[in-house]
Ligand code: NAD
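One chain follows as structure tokens, the form predicted on its own.
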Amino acid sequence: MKSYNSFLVAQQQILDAAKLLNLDEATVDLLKLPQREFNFTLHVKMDSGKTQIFQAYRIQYNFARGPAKGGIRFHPDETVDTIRALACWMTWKTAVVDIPLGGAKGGICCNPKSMAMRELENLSREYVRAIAPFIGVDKDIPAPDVYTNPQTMAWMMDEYETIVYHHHPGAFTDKPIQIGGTEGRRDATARGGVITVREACKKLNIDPTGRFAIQGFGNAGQRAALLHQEILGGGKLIAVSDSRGAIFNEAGFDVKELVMHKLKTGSVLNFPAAKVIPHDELLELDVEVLYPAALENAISDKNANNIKAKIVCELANGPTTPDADLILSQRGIHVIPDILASAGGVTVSYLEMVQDKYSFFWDENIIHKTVDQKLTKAYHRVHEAVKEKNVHPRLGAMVVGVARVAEACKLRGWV
């Protein structure tokens, strides 16, 4: 399998979309690069009494459609190019679902699994002290990502409010409900993905109650398993995997029992009546729907010819390589790309910002209805672009997102 630089892949996607849209050179040059990049060195006192130095980033990719929006990752292998790529894709994601936000992403190079709770809190607060002048409800609104969570956002929001001497809950999203978070956030990413699967099944005349498999059984994977059966009116989950292993049952799993087992034991392994299979085998099972919800580059030129799913719904970031995209398209496999499939999360984050700004909160049914409307409309707009331009779905989604951002740049007089 080839090795890919995520940001170079993202830039090539921009060039491909720009060519189809006949964008001028200045607009392309503007969209190919982040508008702002911040690189910080953080110093944190550890529980041992020693001070440890951490490298941190915040990339604000584009502000043309509104304040930048994107998560913060805590990961030992984080790189500036990964952050650039993710910030870039967030820009198109917010545009595809047509919410008035730009794109951003942040990261700290650290191993959170080896850190105590107080050390993580100190690191979170130190990061906010570094980025505070450059974020806010009208500038850039962070959220959780890999190895960060609502508690991380609570610490960060508290530190930000301490610095600015104002109550600004909307400066961070995906917070605990008790301090300005919103109903409907926990399952938002999975819900948006399942809604797009529902629409794809209608368009392609595929049985929505058939077999499905999920690679990655974290929060998004678990929620997708439950929501698939709820929203699509059925479906048989025959295989799931996590970092420890993959399991299979031809007759299908009891999804609620499987989720409880995962939460209780920390793994899908040792679930009753489950056969252990290789990780790679799960991706190649004969199913109607496959949800890659774990690793980047999981579907590559190495295994794309063996994929049997009719629909691939990308709940993970970048699970399909560029070569695999072409192979799947040629084989007639319908990919719902990550910038569309996982956009339910940022949609609810936007709704959280709006509620925080007005100090008025909606019930969960209104949140779910709004997500359904936004993702349904976005899916059909992308499907139209695929037909209009005769391209695969990822490029179709890029065409929609890039066109909207390019138009905003032109209206502002930037190009």
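Just so it is clear, the structure is predicted and the values come from calculations on it, not from any experiment. Residue numbers run from 1 along the displayed sequence.
There is another form of the same protein, the form predicted together with ligand NAD; it is not shown, and what comes next is about it.
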### Task
Using a 4.5 Å heavy atom cut-off, state whether Ser243 contacts ligand NAD in the predicted complex.
yes
### Message
Test of understanding: in the predicted complex, would Ala220 fall inside 4.5 Å of ligand NAD by heavy atoms?
### Response
yes
### Message
When the contact criterion is heavy atoms within 4.5 Å, does Val146 count as touching ligand NAD in the predicted complex?
### Response
yes
### Message
At 4.5 Å between heavy atoms, is Val289 in contact with ligand NAD in the predicted complex?
### Response
no
### Task
Among 165 to 173, 121 to 129, 250 to 258, 208 to 216, mark the stretch whose residues have heavy atoms within 4.5 Å of ligand NAD in the predicted complex.
208 to 216
#### Entry: Heavy atom within 4.5 Å of ligand NAD in the predicted complex - residue from Asn317, Gln229, Thr82, Ser329
Asn317
### Query
Which residue among His334, Lys262, Lys236, Arg198 has a heavy atom within 4.5 angstroms of ligand NAD in the predicted complex?
Lys262
### Query
Judged by heavy atoms and a 4.5 Å cut-off, are Arg73, Arg185 and His279 together in contact with ligand NAD in the predicted complex?
yes
### Task
Heavy atoms within 4.5 Å of ligand NAD in the predicted complex is the criterion; list the residues of 28 to 54 that meet it.
none
